[in-house]
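Coming up, as structure tokens: structure 1 and structure 2, two forms of one and the same protein chain.
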Structure 1
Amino acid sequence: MSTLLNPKRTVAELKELRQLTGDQNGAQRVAFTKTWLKARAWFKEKLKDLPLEIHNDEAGNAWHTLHGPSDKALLIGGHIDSVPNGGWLDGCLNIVAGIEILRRINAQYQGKPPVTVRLVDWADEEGARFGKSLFGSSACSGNLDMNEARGLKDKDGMRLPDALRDVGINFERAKECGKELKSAAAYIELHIEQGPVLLDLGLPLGAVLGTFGVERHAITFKGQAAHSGSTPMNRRKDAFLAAAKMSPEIYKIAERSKGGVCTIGSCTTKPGIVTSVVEECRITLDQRHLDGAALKQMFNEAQEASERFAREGNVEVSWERLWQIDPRPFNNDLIDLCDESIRETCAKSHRLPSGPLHDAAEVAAAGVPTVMMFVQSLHGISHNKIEDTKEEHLEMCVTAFDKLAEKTIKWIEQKGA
């Protein structure tokens, strides 16, 4: 098998794509733009010698199918779109590795794999232009909120349905693509980690347990403005004091949660002048956990803490939900196979949750057994031109991900039997 797979070619092709669709500021493959169409054309060209059935679905997702004896299919998914000034690997790593894996499977099985294998390029994973990620995969999973999406506009005021029409997609029919998942038996996705966990552990690869659920809120504390010189400390209703106490508290909440993360990302103060006690302080709180009950517990603990701090400081507190999503745990069998594939490639594996969302979360939500593989990110940075991964790790991830594809084909066969 290894002689049929050429991971070095994947690295070379990633560079080719970067050259074609990036500039000095990074990748520019924003969905539904000319550069994105150019990237997709390049992708299609790469596959032209393989015996694939190729079509775009109603949401603009591109499907490349190597048919097996039945429709029962292994899906390999990624996205060729990027944020503006993005990294060279985010999303397209899977697409380009997927090309190599299709080549290997086609060669090994002389065009007739034991199960159908499909490589999907999801449309607009990033949501960079319209502020809403996972367009194509959420249309496919059925989770896309049509009313919300219909109203989305880009910064020039163009509506999403109009932008879609320009690239031949009828927005109102987008969710019809759900039928693509009917024959899906498993879904695997390779991605850069976009965080520092594997880097810290000195490990090239990890098996992903699922994507975090998210509770995102704005918390507003309301006290009373008062002169900083003439107001004794015990007379103050200091909104900043109550808000500030939340910061060390969320670290304790995250620690107790065993695996969750909490972030206060912004803080604003009113009147916000040096000579006045803060009357109003607004902070944002983002909480994430892989376990739904643990996430709920984290949320409850934060809310209770905020009320306690408000009482202590004689101020008021109110919460406003900004966003919420449930955790999307991946399939245990596939997590085991992913782990095995990694260990066979580089001796040691690590299991970790995914903080960011991915198309895999939508596919898992649709009930398809799913797993992701992460490769180490340098600097733990992505969505930035400095996003990078060592070439040896890129080669390893192609090898390990190919092993995972093969093991998953076997798993589908056994399950089907």
Structure 2
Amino acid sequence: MSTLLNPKRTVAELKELRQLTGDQNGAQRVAFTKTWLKARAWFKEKLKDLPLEIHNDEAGNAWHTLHGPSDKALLIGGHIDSVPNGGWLDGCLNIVAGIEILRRINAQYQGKPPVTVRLVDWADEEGARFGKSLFGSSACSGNLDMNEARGLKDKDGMRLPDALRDVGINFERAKECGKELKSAAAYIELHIEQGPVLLDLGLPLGAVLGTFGVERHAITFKGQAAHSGSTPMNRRKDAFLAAAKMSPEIYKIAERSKGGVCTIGSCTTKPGIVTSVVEECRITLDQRHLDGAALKQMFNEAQEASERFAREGNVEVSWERLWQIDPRPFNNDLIDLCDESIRETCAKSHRLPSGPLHDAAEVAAAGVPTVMMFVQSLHGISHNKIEDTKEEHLEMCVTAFDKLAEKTIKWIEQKGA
């Protein structure tokens, strides 16, 4: 580890941020709120002694730039916003570690790194308030659906454009921030895993292969309402029975896919009373895989199964796509560098996909070579106040992430040669 790097300071600053912006229920840094603004002010204060150019772009993303002789830029990214009652590390670990890396780079290169280094705090990664994740990064990548986002409202009925205006952001200009990626040569991001894979393997760190593609659908089975007492079992058109058969089937589909996951997350019935056979049953199905062809196969198998169960139960079935995103594989060279950095830090690495989406997915979609590093999550839990990671693992991840940053700087230099 470089003597210029102090991972213990990162852990202390994470605790400081927790104290400033959390309560007994967890982190409260929901985007575009007063607590979020307080967190950003704290973050800016931590960087005041570095010779940085600092500005917010049109979507509210906060950029902190250490200029080098080359305009080619290494981007280090994350987000300081949280879900309500969230964990103390989700998102903010990325950029608080980024502060320490900027300190090291500035000291090592006397304020003039070989390439420009930019630390970005993406605005509203979580989408907790308006239900739209990756707002700032998708605006920057050009993938933000402006019509959809324009109509989003929070639980109090406030529109997203109005909430943005209250914190000085003009929604209609949000996608102008795409110019920030013009000089981007690589993007790296550190994150807690949020799941149990590294925990179960007994490993502190992992190199991320990419983010899953997602197929998300509502499946509606329609049968016939009938009295629960007077209708014989063999005469029923029970929509719930057909829908229920999907539950074990999706586990078989996921297993056959070799790496995919499937989830039925909600189920509603009509008429929804104890004395009636179910006339209509609506379930939601979320399917994810890193391989696009495998994801399509999972979807096809689920659709075929639903039609088979509908025929068996003498009911009808229909599908409605709720949302879809393609898999976002990361850059192979950067995955290798990430893997190497981890092995140099803690001897053993593991390569794994990311089930959750991250801002890195949008940066990769914009054509910027991208990689993520995961650190183990205790309990395999996130978006919860019990979210935690061992302090020694936090220190390891700062060290390994710093190594990745340095290796990536050299990689950018070599590619420019």
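Counting starts at 1 with the first residue of structure 1 and goes up one by one along its sequence. This structure is a prediction, so every number in the text was calculated from the model and none was measured. Here, rigid core means the biggest group of C-alpha atoms that superpose within 1.5 Å across both forms.
Practice prompt. Looking at the two shown chains, say which is the form predicted alone.
Written response: Note: form predicted alone is structure 2; the other is not.
Discussion item. I want to confirm the hinge position. Given the rigid-body rotation between structure 1 and structure 2, which of 253, 130, 345, 213 is it?
Written reply: Looking at 253, 130, 345, 213, only one falls at a hinge: 213.
Practice prompt. Rounded to whole degrees, state how far the smaller rigid part rotates against the larger between structure 1 and structure 2.
Written response: Relative rotation between structure 1 and structure 2 amounts to 10 degrees.
Practice prompt. Would you look up how far the C-alpha of residue 271 moves between structure 1 and structure 2 when the rigid core is overlaid, in angstrom?
Written response: Superposing on the rigid core gives a C-alpha shift of 5.3 Å for residue 271.
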